[in-house]
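Two forms, one protein chain; structure tokens for each follow separately as structure 1 and structure 2.
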Structure 1
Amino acid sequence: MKIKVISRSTEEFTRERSQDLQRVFRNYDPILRPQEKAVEYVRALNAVKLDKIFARPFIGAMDGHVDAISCMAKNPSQLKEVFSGSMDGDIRLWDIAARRTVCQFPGHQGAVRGLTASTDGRILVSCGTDSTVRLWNVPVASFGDSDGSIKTTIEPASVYVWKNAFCAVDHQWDGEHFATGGAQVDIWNHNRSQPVNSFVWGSDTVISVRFNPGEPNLLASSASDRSINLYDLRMDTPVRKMIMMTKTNSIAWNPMEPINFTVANEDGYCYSYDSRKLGEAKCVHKDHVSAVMDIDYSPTGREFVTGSYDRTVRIFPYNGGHSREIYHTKRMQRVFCVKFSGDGSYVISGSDDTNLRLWKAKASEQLGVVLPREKKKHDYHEAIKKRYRHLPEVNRIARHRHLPRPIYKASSLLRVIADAKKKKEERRKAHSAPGSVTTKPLRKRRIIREVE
């Protein structure tokens, strides 16, 4: 006869140290917990509500500029350093952690329109409407002077004067080239006073230029003729042009997917494109009610932040049609530039009201050191929220946002307009011969043509 005996080794249930957690033995049989699903639903609901309660995205404003902030650049090697340039020619280096100016870079005569820093964070490149490109040596931050509030001014390392005003500049990742956009796209080297290469296609002003961080030889630009251009540094010529119905204000490449980029358009939408198939947008991100002025990808490549002329900052998922988050304050005016921080957990916006603003990328995230058990709890909450997000109550609470009245009104108006258009289209379709009226899908609607 076989006798079954319950046997447990003492190691299983004794603690090694008195501080250790007592092990809990559970029977995971679902029959024993028939209410578990309901419990989890309620937990999800509570988690969503807690998110609302803890949503305090605004960390602080950084003031110091005396004119609207036109451009920003983050230091790729230093997490807490951000450069900002304003319309009066002032460039500042900010310490985000302390929220103060570290030093200033005076010199530009007109507005600063473009800022970028080399990958090692040593050289800052700025350009502006005074037709100059200036290179600056960035002071190295040390622990000693981090507490003192000594503002220093720095002389430009070199000034290159060129024939036309500049609108944008961007530095190659891990290289020594940078590109400026003005009358044409010029490729510069750090130590040459003249561009090493320039790409011309058409005669319109280039508004923005952005290098592909994953594929450093590729760059994209947008021009005031509503076009988006692709360039390859290895070729002599521009590569491809695509014309949309409205101007593109800014471009951002996905740092984790070098084939994809997203453009911020004047019509309030953002369009994600595959650089190989420009005839159709991969995704249309709509929520802004006015022109989108700037866009920047999170370094994780899973979301991007946009700043709009409607005085809001929004965060979109890279593959979602609507924004995940909207940030606004009473005092924030037109947002001209936005940046994600290097670790993807903060967002910085620069606006017309001369302030830089620091936001959390996740509004309800807990800052500071998070204990492992806390982290586990947060993860669990995220998981159940994700799981039950389809249920109406959870969805409603998660999506609910208080909007400034003008934006709320504008968005409802836009919705009405869109509905009316759709209705009209449907009627037109219904009352004409089948196949004679076709609707262009939204992804293609705003594209005029692709030029070879």
Structure 2
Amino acid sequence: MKIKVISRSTEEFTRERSQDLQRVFRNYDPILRPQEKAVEYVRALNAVKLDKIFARPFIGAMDGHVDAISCMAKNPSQLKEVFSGSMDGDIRLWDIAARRTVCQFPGHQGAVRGLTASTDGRILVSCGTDSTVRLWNVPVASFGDSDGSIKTTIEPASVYVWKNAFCAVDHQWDGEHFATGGAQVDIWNHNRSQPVNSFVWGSDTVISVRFNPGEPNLLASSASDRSINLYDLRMDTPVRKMIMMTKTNSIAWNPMEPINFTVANEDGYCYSYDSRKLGEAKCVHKDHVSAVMDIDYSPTGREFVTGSYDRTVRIFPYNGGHSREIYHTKRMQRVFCVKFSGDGSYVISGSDDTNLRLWKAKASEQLGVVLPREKKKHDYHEAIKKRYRHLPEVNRIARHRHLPRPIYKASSLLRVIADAKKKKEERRKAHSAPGSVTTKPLRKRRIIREVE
């Protein structure tokens, strides 16, 4: 007679030290655990409630400017460095970790309208309303400096004077050229005092310029005639042009999908486009109640941050119509520029009240060292929230955000106006001949025409 015996080694369930947790063996067979879904549902509810309890997105403010902050730029070679320019011509290099000014770049006689850094992070390019482009040598970060005083004042390495004021500047992701926007789009080289190429399409001011992260010679710009233009440095003329109903204030390319870009528009919406098909937006992102002033993608390309004239900062998923997060404070005024940090963990905003503000990209994320058990717990909470997010109670708690009273009233009013327009269109269509009245989707409605 053969007897089968369950044998188990003592090393599998014996603790090595008294501080270790007792190992427990569980059978996850659903037949033996009939209440598992109910238990997980309660855990998902508790997880979203805990997110609300621990949501503390604001980290701190960095003051030092004496006028409104008009533009910002990241240092590609340093995670903790960011440049900011103000309306009085002051440019500063900030250490985000210490939240202090590292050095200043004085020299502009008017407002600084554009900042960008070279790929290696050694050269800073600035332009402004004083019709000058200035190149600066960026100092190397020294880890021994711990006090909060301003270390150095940097003199410009080169100053290029041109015929018109500038509104924007952007550097190639991989190359020696940078582009400025003003009366036209000018392409500059580090070693030339005059543009090596210029593009003109119309007679209106160019508001923003952005190089494509995947194709160094592809460039997008927006102008005050409500147009969005695409340029190729290898050609003598612009490639394509699209005219919208309202002006575009800023453009951001998706770093992971370089054929797609998102624009921040004056009507309070953001529109994502495929550069190969400009006749229709891929997605319309709406939640702001006033003009969107700036936009920037995270390094992962899965979400982007926007700053608006309504004094809020919002974070959108790249393919979602509504924001997943809204940041605001009582003292923060109109937001003119926003940036994601180099690792995507933080958001920096610059506003009209002369302050830079540092936020967490995930409001309830735990800062500091996270133990392996805590990391597993957080991952488990994220998984069950994702699994049960379609249920009404979980979805309601996850979506809820406290809004300032003016924004809440403005969003309610916009909702009433949109509903009234929709009813009017439905009645007009119902009382007209079949097929005589057509309704355009919002993805096409804001586009007037496309020019090639």
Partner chain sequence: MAEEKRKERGDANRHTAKKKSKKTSDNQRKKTGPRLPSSLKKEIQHLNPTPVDVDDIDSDVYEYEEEQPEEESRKNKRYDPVSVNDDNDLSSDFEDENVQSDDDDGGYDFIGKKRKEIDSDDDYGEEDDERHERMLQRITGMPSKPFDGNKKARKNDVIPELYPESENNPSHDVVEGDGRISIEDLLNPLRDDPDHSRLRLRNQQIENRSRTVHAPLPKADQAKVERKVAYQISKEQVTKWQPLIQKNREAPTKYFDEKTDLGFSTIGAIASEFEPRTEFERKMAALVHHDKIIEAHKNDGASLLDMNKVSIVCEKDRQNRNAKLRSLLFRHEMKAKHVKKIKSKTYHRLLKKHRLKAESSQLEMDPEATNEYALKQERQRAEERMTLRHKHKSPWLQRKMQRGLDKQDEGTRAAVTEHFQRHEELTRKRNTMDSSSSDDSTYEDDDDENAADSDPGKANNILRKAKQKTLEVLEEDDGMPKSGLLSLPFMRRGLEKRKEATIEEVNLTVQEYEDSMKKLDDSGGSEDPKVASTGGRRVFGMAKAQTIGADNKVELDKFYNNSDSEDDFEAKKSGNIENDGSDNLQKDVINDSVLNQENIDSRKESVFKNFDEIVKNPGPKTTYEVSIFASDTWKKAKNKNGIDTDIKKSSKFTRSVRHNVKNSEKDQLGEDSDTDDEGQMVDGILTSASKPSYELPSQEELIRQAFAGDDVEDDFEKDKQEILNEENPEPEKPLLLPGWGQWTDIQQKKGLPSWMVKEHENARIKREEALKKRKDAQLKNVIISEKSSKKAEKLQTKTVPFPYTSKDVFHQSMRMPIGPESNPSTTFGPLTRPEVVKKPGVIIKPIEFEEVNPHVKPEQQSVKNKKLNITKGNDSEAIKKSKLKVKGNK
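We call the rigid core whatever largest set of C-alpha positions still superposes within 1.5 Å between the two forms. Structure 1's sequence is the ruler for residue numbers, which start at 1. As the structure is a prediction and not an experimental result, all values here were calculated from the model.
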Just to confirm, one of these is the form predicted on its own and one is not; which one is it?
2
Superpose the two forms on their rigid core, then report whether the C-alpha of Thr439 is displaced by 2 angstroms or more between the two structures.
no
Examine Val24 after superposing the rigid core and state whether its CA is displaced by 2 Å or more between the two structures.
yes
Aligning on the rigid core, what is the distance the CA of Glu12 moves between the two structures, in angstrom?
4.8
